[in-house]
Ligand SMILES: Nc1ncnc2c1ncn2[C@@H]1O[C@H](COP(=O)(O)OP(=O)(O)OP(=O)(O)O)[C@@H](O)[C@H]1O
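Below sits a lone chain in structure tokens, taken as the form predicted alone.
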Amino acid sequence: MTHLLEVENLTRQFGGLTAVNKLSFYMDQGEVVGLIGPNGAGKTTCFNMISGSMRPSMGTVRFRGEVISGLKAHQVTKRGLTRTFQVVQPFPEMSALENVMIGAFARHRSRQAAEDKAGEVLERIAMKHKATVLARDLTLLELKRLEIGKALATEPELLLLDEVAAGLTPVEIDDILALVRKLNSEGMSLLVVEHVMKVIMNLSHRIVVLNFGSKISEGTAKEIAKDPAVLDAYLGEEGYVA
């Protein structure tokens, strides 16, 4: 069976520092897989390698059976895998619609086709009423939605979400959680890096836990919440209580 995403012995070294060490995991179509661990565990480096913005020192990434490790980010995006960023990166002097159009140009050459696609995406993320608003005038929650929208406009099969709940209030977290659940219910596969345990535990079908660049656990939310290695490295003695 060919998995949607296969990561095998993925390694990244920076001089004498090994940021990610022989990481292996897989995910299938329609899954939400969480990637968690303490700060510096290697999560963002892993995202960078999978999405094409960083070459691995060793190891392989396969998407739908094709080796994509070593491809550039735009080449990976063309194959149906894209990512968001923890720190939102809008074009502040452009409207919400224009921001999303930039993502749409990955698939559509004409301005009209890109604009039509961007309009569909804004409706999908409940931002159609903000289409003409400049990005600089949007709230943080709206910018988080816009970041997702820019990625969705590239028409991905697999979306990598990098701490989409960071900086949000509890009410806003519920809002963004509902959006991500909606995307998954529509068939979107998601690989999620997140420190907000409410998000990762409620969304993920499986969770991969990193510490010092190495995988220390993998399983369902209930399984990793009871794993002594995870409690010691990340969740603490009390673990996670929903």
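Just so we're clear, the structure is a prediction, and the values are computed from it rather than from any experiment. Counting begins at 1, following the sequence as shown.
Below: the form predicted together with the named molecule, not depicted.
Trainee: Which residue, 195, 64, 206, 181, is the contact with the named molecule in the model of the complex, using a 4.5 Å heavy atom cutoff?
Mentor: Selected option: 195.
Trainee: Which residue among 69, 189, 44, 217 has a heavy atom within 4.5 angstroms of the named molecule in the model of the complex?
Mentor: Filtering the options by heavy-atom distance leaves 44.
Trainee: So, a 4.5 angstroms cut-off on heavy atom distances: do all three of 91, 132 and 154 pass it with respect to the named molecule in the model of the complex?
Mentor: Looking in the model of the complex, the three residues 91, 132 and 154 all stay beyond 4.5 Å of the named molecule (heavy atoms).
Trainee: Can you say which of 24-32, 181-189, 197-205, 44-52 gets within 4.5 Å of the named molecule in the model of the complex, counting heavy atoms only?
Mentor: Checking each option against the 4.5 Å cut-off leaves 44-52.
Trainee: Can you tell me if residue 229 lies within 4.5 angstroms of the named molecule in the model of the complex, counting non-hydrogen atoms only?
Mentor: Judged by the heavy-atom cut-off of 4.5 Å, residue 229 is well away from the named molecule in the model of the complex.
Trainee: Whether residue 59 contacts the named molecule in the model of the complex should be assessed with a 4.5 Å heavy atom distance threshold; does it?
Mentor: Because no heavy atom of residue 59 falls inside 4.5 Å of the named molecule in the model of the complex, the answer is no.
Trainee: Using a 4.5 angstroms cut-off on non-hydrogen atoms, would residue 19 count as touching the named molecule in the model of the complex?
Mentor: Looking in the model of the complex, residue contacts with the named molecule include residue 19, since a heavy atom lies within 4.5 Å.
Trainee: How about residue 163 - does it come within 4.5 Å of the named molecule in the model of the complex, if we only consider non-hydrogen atoms?
Mentor: Taking the distances in the model of the complex, the answer for residue 163 is yes, it comes within 4.5 Å of the named molecule.
Trainee: What are the residues of 126-162, in order along the chain, with a heavy atom within 4.5 Å of the named molecule in the model of the complex?
Mentor: If the 4.5 Å heavy-atom criterion is applied to the named molecule in the model of the complex, 126-162 yields nothing.
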